[in-house]
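Presented below, as structure tokens, is a lone chain in the form predicted on its own.
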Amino acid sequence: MNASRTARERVRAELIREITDIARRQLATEGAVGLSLRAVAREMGMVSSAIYRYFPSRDDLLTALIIDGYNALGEAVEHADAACARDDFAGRWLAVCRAVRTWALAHPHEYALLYGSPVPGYAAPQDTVAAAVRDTAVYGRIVAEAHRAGRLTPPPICPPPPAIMAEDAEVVRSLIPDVPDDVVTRAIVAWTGLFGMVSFELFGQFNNTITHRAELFDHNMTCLARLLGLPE
């Protein structure tokens, strides 16, 4: 009985993998808005009613793709950080940034699903949060560990963060523990700067303007490391 259940579970997992693989190909041709369970079922040679046993709605399939995408990006970032010396905080930051860019360029349609225009009518459920913060948690650890080691020296070039942001800073501090509000706000600037650079490149804003994109990316990420106060 247990062997039979295990076999069924393997078959189900394989079908789910096939469904999500086809759905990812649909993202490339139709975009998230055009994602269709019926079209996926048709490509699989499955009656459309059968696919709803695995994904009851298009939104459920979108959620699965989003979680898979965040986990894939998070895993890439974790591996990049793990390959660096623990006390090389600036090197860890640059490695993490490069990992985000490399993953995005290799998976542009999945990146667009995560960080592009919202899908009309879709609201990401709470299920996506744990996967969504995997990469952010790595970044937060780099900053927090540098701060604990006494190696974080933000240059005095920024005004103090607005007092009204104190509650927001407390929320973000769950990912960057024990750092002051000034570091929290600088971290937000750096993290959004990273994704702004990646999005500009991926969505064509650098076309006919920036040729040496990898070099510009590394330079800008180094500038953001300096803003954070990570050691050279």
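Numbers follow the displayed sequence, beginning with 1. None of these values were measured; they are calculated from a predicted model.
One more form of this protein, predicted in complex with a further copy of the same chain, exists but is not displayed; see below.
The shortest heavy atom separation between Ala112 and a further copy of the same chain in the predicted bound form is within 4.5 Å. Among residues of the shown chain, Asp168 is one whose heavy atoms approach a further copy of the same chain to within 4.5 Å in the predicted bound form. Under a 4.5 angstroms non-hydrogen atom cutoff, a further copy of the same chain in the predicted bound form lacks Arg25 among its neighbouring residues.
Of the heavy atoms in Phe55, none are within 4.5 Å of a further copy of the same chain in the predicted bound form. Interface residue among Glu30, Asp68, Asp59, Glu43 relative to a further copy of the same chain in the predicted bound form, by the heavy atom within 4.5 Å criterion: Glu30.
Checking Ala39, Ile51, Ile188, Ala64 against a further copy of the same chain in the predicted bound form, a heavy atom within 4.5 Å turns up for just one residue: Ile188. Along 209-226, a non-hydrogen atom within 4.5 Å of a further copy of the same chain in the predicted bound form is carried by Thr209, Ile210, Thr211, His212, Glu215, Leu216, His219, Asn220, Thr222, Cys223, Leu224, Arg226, in order along the sequence.
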